[in-house]
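Just the one chain here, the form predicted on its own, laid out as structure tokens.
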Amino acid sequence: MSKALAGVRVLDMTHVQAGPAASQMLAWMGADVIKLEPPTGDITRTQLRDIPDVDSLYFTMLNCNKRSITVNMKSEEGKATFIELLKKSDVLMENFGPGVLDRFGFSWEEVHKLNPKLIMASVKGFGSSGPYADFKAYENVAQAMGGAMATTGFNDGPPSVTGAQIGDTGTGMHFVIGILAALFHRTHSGEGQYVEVAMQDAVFNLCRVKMRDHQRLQHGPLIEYSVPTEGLTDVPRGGNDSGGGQLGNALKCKGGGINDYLYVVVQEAIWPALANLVGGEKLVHDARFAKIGDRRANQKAMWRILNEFASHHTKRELMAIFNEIDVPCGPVLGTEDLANDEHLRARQMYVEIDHPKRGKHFTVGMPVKLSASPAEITTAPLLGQHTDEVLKEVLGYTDEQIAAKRASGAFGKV
């Protein structure tokens, strides 16, 4: 079965999370992703290790389906091999700090000369232009400067980062979109181009509804928020408010655990059925909750009533009860819940793979489902595992040439 990106070769110089998350997606879609690492390897191979001398889960969960080669870019022979690989690739991906590749002699202009059809794709903290261009960024820095932290959490507490890695993996998904668009553009133009995604830009894009609300503030309060917004110039932290036209919040359920909550959205259309279920005819005809405007004005009272009802049911029980009357809802799933969730397993979103040193373990699966070319997930490569294979298959090197190159320090420390 042919894969969607079969025939596309990606030379992947990215490390840590944003870039590897993107190149892993491309690999799952069938691209031949050659992870080009320094002799010391991607730094995440050793970060947060749970088993001594074994690649960390941080690394293995971001580098499935790739081939790994090591190249010493400080060696002239290593650089020469890198240039040969550039000429045989469709995409070059990198997320080094500002100016690193330029100092090696591989600016976009130089790369474009070497291979005019190549797409060079870069992830940067703040992009290559603007006042912040030379600043470094990490996940939480991007969340802070993209608008996520200021609008996450509760108004009476400090700003908070999200559990989802929107700065790194969120940027990576934007990165994939840009690379795929450039590949498509090349099909009719014949030319490569430079693709750049900044982490701040990606988080800002994901916060677009907060910027919608920012402009709405100029014309009056945000009536869907449970906290006062009159006179504010900043959109407040949303807490568990739905942030949309309908009221939403988390109900505390039976069990009393830290994650024993069900998130519920109270749509206009389902209120009569929900009110009847929770409080009978008396609640259905309660003037405080007759229309959505009334419920907004009296939402604290409404949530008290719904929380009382929820306290008699577990989150899973309540989800089943509410789904019977089409109430949009979902239990708050902790990591243990997710690891054992039958729906995620059925959708191959938490899959078991076998690593040569780690053994069997689980990784997050491919979220994009392609009917004609589904992803087949294989384990992340060992450092330099495919060096000889790639050199022979892609560049046509002989064993003697590889040995000579290796002796010169092209693939390892001199």
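Numbers for residues come from their place in the sequence shown, where the first is 1. Not measured: the values here are computed from a predicted model.
FYI, the form predicted in complex with a small molecule isn't displayed, but the following is about it.
Interface residue among 74, 208, 87, 216, judged by heavy atoms within 4.5 Å of the small molecule in the model of the complex: 74. Put simply, of 97, 334, 190, 293 only one has a heavy atom within 4.5 Å of the small molecule in the model of the complex, and it is 97. Though the partner is left out of this view, residue 30 does not reach within 4.5 Å of the small molecule in the model of the complex, counting heavy atoms only. Proximity of residue 125 to the small molecule in the model of the complex: non-hydrogen atoms within 4.5 Å are present.
Contact check for residue 103: a non-hydrogen atom falls within 4.5 Å of the small molecule in the model of the complex. Contact check for residue 18: a non-hydrogen atom falls within 4.5 Å of the small molecule in the model of the complex.
Stretch-level contact check against the small molecule in the model of the complex with heavy atoms at 4.5 Å: of 134-142, 244-252, 306-314, 274-282, the positive one is 134-142.
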